[in-house]
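Quick setup: one chain, the form predicted alone, written in structure tokens, and binding and motion questions come after.
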Amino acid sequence: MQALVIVAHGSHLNPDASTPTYDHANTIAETGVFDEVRTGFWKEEPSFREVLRTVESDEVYVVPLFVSEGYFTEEVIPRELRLEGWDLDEWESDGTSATHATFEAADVGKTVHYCGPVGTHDAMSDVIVRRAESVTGDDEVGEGFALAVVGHGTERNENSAKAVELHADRIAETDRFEEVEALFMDEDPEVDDVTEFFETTDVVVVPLFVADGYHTQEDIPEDMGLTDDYRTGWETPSEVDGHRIWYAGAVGTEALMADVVIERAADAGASVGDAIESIRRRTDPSVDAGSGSGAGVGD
């Protein structure tokens, strides 16, 4: 028996913070490739410390629903899961390249395949592009459009910026969009000045956040000038300094994120059958229109 455990931050204050985690877990459970699919949280129940006790399977694939490598993926989660012999060197990571490592959680008698965060997986580039498709309603969006991939950015974790830059660079290499830039909330180049970085009139802005919350629904829209008060909402697209800003909201709410979770587990050795292809088909709105799949970065 094999189980999948998706671990995320959660929130005591924002009830919507855990919604994407539950949504992706349900999507994956429906494929039937795992005997069990569970969720665990830092700020909600079940906690990281207790989640393995909710699993019957002896073999568990743990996938962090986090954007970057850092404090939570490298310290908090391994500690709370009580992974025996946890050693950061096992990941052999440069800040974005952690894949997986296998440990025993002896107190619960389980083998744990601990995976890198979803935010640094190559397939996340596809989710960012899909997010651009969703907000514009165009499954071929690219020509005549620029793309801004937005991260939090912080001096406390340089890997936060690395993940954003990784995907901006990968998408730029496809030449799908006229321009692609990585922008940040708390470091340069700042998203406040979004229109200064693009010559293209239409700019799609995709925040590399797992869930919508204070930053994505309040800070970023106000900082970009979409609205003076987030409570009054904003139009999509919004006219700002001669540009049309198509603000997509958190990438983690995109249904295709379930694909990245499964790909992380598959990289660690999980048997997933055709679940990856199945989820891509099920979450692609263009399939119903007969135009085929088209996230178009990692395919």
Partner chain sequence: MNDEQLDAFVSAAASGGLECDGVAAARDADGYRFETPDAAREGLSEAELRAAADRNPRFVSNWHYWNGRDRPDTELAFLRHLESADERSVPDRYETMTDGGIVATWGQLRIDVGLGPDGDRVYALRNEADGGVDAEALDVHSDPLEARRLVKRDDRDRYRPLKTAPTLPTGWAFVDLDGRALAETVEYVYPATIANWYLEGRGELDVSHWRETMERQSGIYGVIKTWDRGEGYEHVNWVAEACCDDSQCLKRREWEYDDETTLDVDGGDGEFPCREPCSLVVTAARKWTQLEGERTERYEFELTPSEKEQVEAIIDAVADGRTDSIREADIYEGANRYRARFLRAKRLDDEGRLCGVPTDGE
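Small disclaimer: the values here were computed from a predicted structure and weren't measured. Numbering follows the first chain given and starts at 1.
Only in words, not in the display: the form predicted in complex with the partner chain, which the text now covers.
Trainee: Just one of 80, 178, 212, 181 has a heavy atom within 4.5 angstroms of the partner chain in the predicted bound form, so which one?
Mentor: After the contact test, the surviving option is 80.
Trainee: From the list 269, 273, 233, 46, which entry has a heavy atom within 4.5 Å of the partner chain in the predicted bound form?
Mentor: Selected residue: 46.
Trainee: Pick the stretch from 90-98, 199-207, 218-226, 71-79 whose residues have a heavy atom within 4.5 Å of the partner chain in the predicted bound form.
Mentor: In the other structure, the partner sits against 71-79.
Trainee: Decide yes or no: are 12, 18 and 50 jointly within 4.5 Å of the partner chain in the predicted bound form, with each residue judged by its heavy atoms?
Mentor: Contact check passed for all of 12, 18 and 50.
Trainee: Since only the chain is shown here, I'm wondering whether residue 173 would be in contact with the partner chain in the predicted bound form (any heavy atom pair within 4.5 Å).
Mentor: Answer no; every heavy atom of residue 173 is more than 4.5 Å from the partner chain in the predicted bound form.
Trainee: Verify the contact flag for residue 165: yes if a non-hydrogen atom of it lies within 4.5 Å of a non-hydrogen atom of the partner chain in the predicted bound form, no if not.
Mentor: It does not: once the partner chain is placed as it appears in the predicted bound form, residue 165 has no heavy atom within 4.5 Å of it.
Trainee: Quick one: does residue 39 come within 4.5 Å of the partner chain in the predicted bound form, counting heavy atoms only?
Mentor: Residue 39: yes, in contact with the partner chain in the predicted bound form.
Trainee: Is residue 238 close enough to the partner chain in the predicted bound form to count, meaning some heavy atom within 4.5 Å?
Mentor: Contact with the partner chain, no.
Trainee: Pull the contact list for 102-141: residues with a heavy atom within 4.5 Å of the partner chain in the predicted bound form, in sequence order.
Mentor: Only a single residue, 107, comes within 4.5 Å of the partner.
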